[in-house]
Ligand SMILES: Cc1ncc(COP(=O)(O)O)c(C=O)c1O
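The chain below stands alone and is given as structure tokens, in the form predicted on its own.
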Amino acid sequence: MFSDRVLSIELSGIRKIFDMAQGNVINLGLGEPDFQPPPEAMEAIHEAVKEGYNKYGPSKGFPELREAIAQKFSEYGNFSANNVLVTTGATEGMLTTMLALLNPGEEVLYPNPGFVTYRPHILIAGGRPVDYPLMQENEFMPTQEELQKRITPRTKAIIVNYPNNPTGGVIDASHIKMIIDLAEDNDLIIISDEVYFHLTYDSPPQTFLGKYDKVIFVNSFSKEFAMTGWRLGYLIAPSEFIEQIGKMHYYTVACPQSPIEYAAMVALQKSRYYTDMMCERFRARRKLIYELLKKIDGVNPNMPKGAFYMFPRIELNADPRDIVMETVKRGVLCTPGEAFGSAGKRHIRFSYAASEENIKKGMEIFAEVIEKFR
């Protein structure tokens, strides 16, 4: 009755946790800022509706928004509107990219642990997903050896994601060069998911953008401006990539949402301060949750350098999935690391996009759960 395509994928572990987020719970499980969008952006939606931005817009996005995005990243290359495609969230951008790039059986390398949509998107497009490990002892960056041994004549692309979800890892210049060298040597496309681009704590963001001629840069307004439910993202890539991905984009969603595009333009013009404010709040929460986790015997936390996730390793003779379920039963949502891939099976992901009060309460309950399993 159903296609092999849909039967080959499962509902993500994150979505299962989302569906449990009902009632009076402490939510440390979901990957979205606990802020509302900037006030000027919310006002802009009302203005857009009143001004008539309620009809279909250009398939690739408003030209003035595409140009504004290109100018925003001008320090990394000579981009124009022709290098930008506005998408219905970064997720749609990733899926249409896969549909535009892959022939049946072609391989794509993707991170393990990594965001839950990568593998299904590759499968939906008829490709073959090949995971590469990210380990805590390597600060969740890949090694050249692990990447090299996975590259075959059928490898088409590599997905990289920094700042990283679920680990909070941030890539450095030497690893960017290593991956680009491998891509050049093997004629690979680099698909760089950088939706947490603006959320780094110890150094300016590192990016693949502008460093290689076959980079597809994926970003979103969701994390930068707390617009997760507004579903607006974008790609920056060579114009020939934008043209072909744009075809798939048109036949998937027709066009982005016009009022949201209008609000995004306003946010780009007026709301940079808001991203900086959120980043400083997350910085304080990062320190708090790290220190609380570090006090719990049997829990080995990493210090994330970006995004808003902790991905501690559980060093107990217990299944982290059981620990998660007990923690959820006690009213604190978190996510088993295995939901992000087999390499995450000894880990649990906590989002610190939550109030300091909830982080303290959540970690108190988590410590009690850990004591039960010790």
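Note that the structure is predicted; figures quoted are calculated from it, not measured. Residue numbers run from 1 along the displayed sequence.
We do not show the form predicted together with the named molecule, though everything after this point is about it.
Residues of just one listed stretch (82 to 90, 249 to 257, 279 to 287, 138 to 146) have heavy atoms within 4.5 Å of the named molecule in the predicted bound form: 82 to 90.
Contact annotation for S222: at least one heavy atom lies within 4.5 Å of the named molecule in the predicted bound form. Interface membership of Q206, defined by any non-hydrogen atom within 4.5 Å of the named molecule in the predicted bound form, is ruled out. Though the partner is left out of this view, N161 does reach within 4.5 Å of the named molecule in the predicted bound form, counting heavy atoms only. Interface residue remark: G57 is not counted as part of the site for the named molecule in the predicted bound form, having no heavy atom within 4.5 Å. This chain appears without its partner; in the predicted bound form, the one residue of P320, P37, P312, G31 with a heavy atom within 4.5 Å of the named molecule is G31. The partner is absent here; in the predicted bound form, the one residue of Y110, F197, Y262, F115 having a heavy atom within 4.5 Å of the named molecule is F115.
Proximity of N165, D193 and R231 to the named molecule in the predicted bound form is complete: all three residues have a non-hydrogen atom within 4.5 angstroms.
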